[in-house]
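Take a look at this single chain, the form predicted alone, given in structure tokens.
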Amino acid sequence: MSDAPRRRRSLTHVGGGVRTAGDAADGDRLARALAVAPATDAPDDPARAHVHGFHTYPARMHPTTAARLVRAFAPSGGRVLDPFCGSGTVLVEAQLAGLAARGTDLNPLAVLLSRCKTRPRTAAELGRLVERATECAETADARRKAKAGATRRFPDEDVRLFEPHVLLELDSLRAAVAAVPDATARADLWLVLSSLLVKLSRQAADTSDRAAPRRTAAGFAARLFARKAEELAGRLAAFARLLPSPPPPAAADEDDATAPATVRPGMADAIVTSPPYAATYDYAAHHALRMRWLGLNASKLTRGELGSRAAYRRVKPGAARETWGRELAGFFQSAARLLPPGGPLVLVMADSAVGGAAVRADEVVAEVGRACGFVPAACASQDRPHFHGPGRDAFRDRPRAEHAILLRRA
């Protein structure tokens, strides 16, 4: 029986030549940000270094790309905003660059992850985190050996997703984490549990509905939980050693990028972000398992998710570009209110396809940006593979690309 989780690798489909347009100097900076090597399994790989290597998250920005963008376009000592902060990559790199960082996201899991990664910890706090994780693992193991039953009724989805003994062990871990009295440690341990769920399930990957065979050893879930908590503590300590002193402030809030309630004009000198790609992912669906187990309310994400693949199944191919433009316009109008005149809006976005029609991100961004008070300044583009079979014909004439795009508020 397996005593090791399946490996999953992200950020491996990068690399290759970069094309630029617009201002030459800014184009070169954008091109340098895109020109990163594919991720590897090496411990010192930038894509997995310190807190970046904790917890998978679909379509996250490459940390090297984020680092180069914030250092190139945010003013020294300035404030960086990421309105689609995801797992916090831009926020982490802004802090490392000595910049105050603020993030928002409609996904409550993203907010928990971003807060976890950017909150400085003392050695004593990290020690308590490991102690609490060990106690939770010991509780789960004791319940397993005692053949204790479930603490709650499982939904059918979980019965299908997990081997019965794994489901019971995870349930014991969940109950033990919920009983941890220290709110900070409890929040971190929820994320440790979250990081295990797909690995221990019959689900092949975060973004896949395909089932994978599993044979997991009894007691492995508890052992993996304790090891993952130790890993998190080590990653947080490694990140802390890299931060300037004193550490720049960071914050993350659950909020809508098209109508933010937690960010006001004057709170950002630069926006560096990667909005969802049109018709590419369904973040609410991808994270449904974790939302369910962590007791997170995903209703705002379900209602307000931009560009979800499920929504674009109802859009006719010929109307996809216009639809995506309308969705982006709400965000651009908000960004224009938040940035000072000349302030940079830096986007990392990829082309997508609806049916046989390509939606070129660089073209839509330039068009919508102009209409919302921005001046397109420069763009760098790098070809990317397209894995969704029904949309491949859309890129026969010109390959799909990922773009780093700079606009400035007029």
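Source: prediction; values computed, not measured. Quick note: we count residues from 1 along the sequence shown, nothing fancier.
Another form, the form predicted together with a small molecule, is not on view; read the next lines as being about it.
- None of 159-167, 333-341, 196-204, 86-94 except one has non-hydrogen atoms within 4.5 angstroms of the small molecule in the predicted complex; the exception is 86-94.
- In the predicted complex, the small molecule sits within 4.5 Å of a heavy atom belonging to residue 275.
- For residue 304, a non-hydrogen atom is located within 4.5 Å of the small molecule in the predicted complex, even though that partner is not displayed.
- Interface membership of residue 105, defined by any non-hydrogen atom within 4.5 Å of the small molecule in the predicted complex, is confirmed.
- Proximity of residue 283 to the small molecule in the predicted complex: non-hydrogen atoms within 4.5 Å are present.
- The partner is absent here, but in the predicted complex a heavy atom of 256, alone among 256, 141, 171, 269, sits within 4.5 Å of the small molecule.
- Contact with the small molecule in the predicted complex, defined as a heavy atom within 4.5 Å, holds for exactly one of 360, 60, 50, 68, namely 60.
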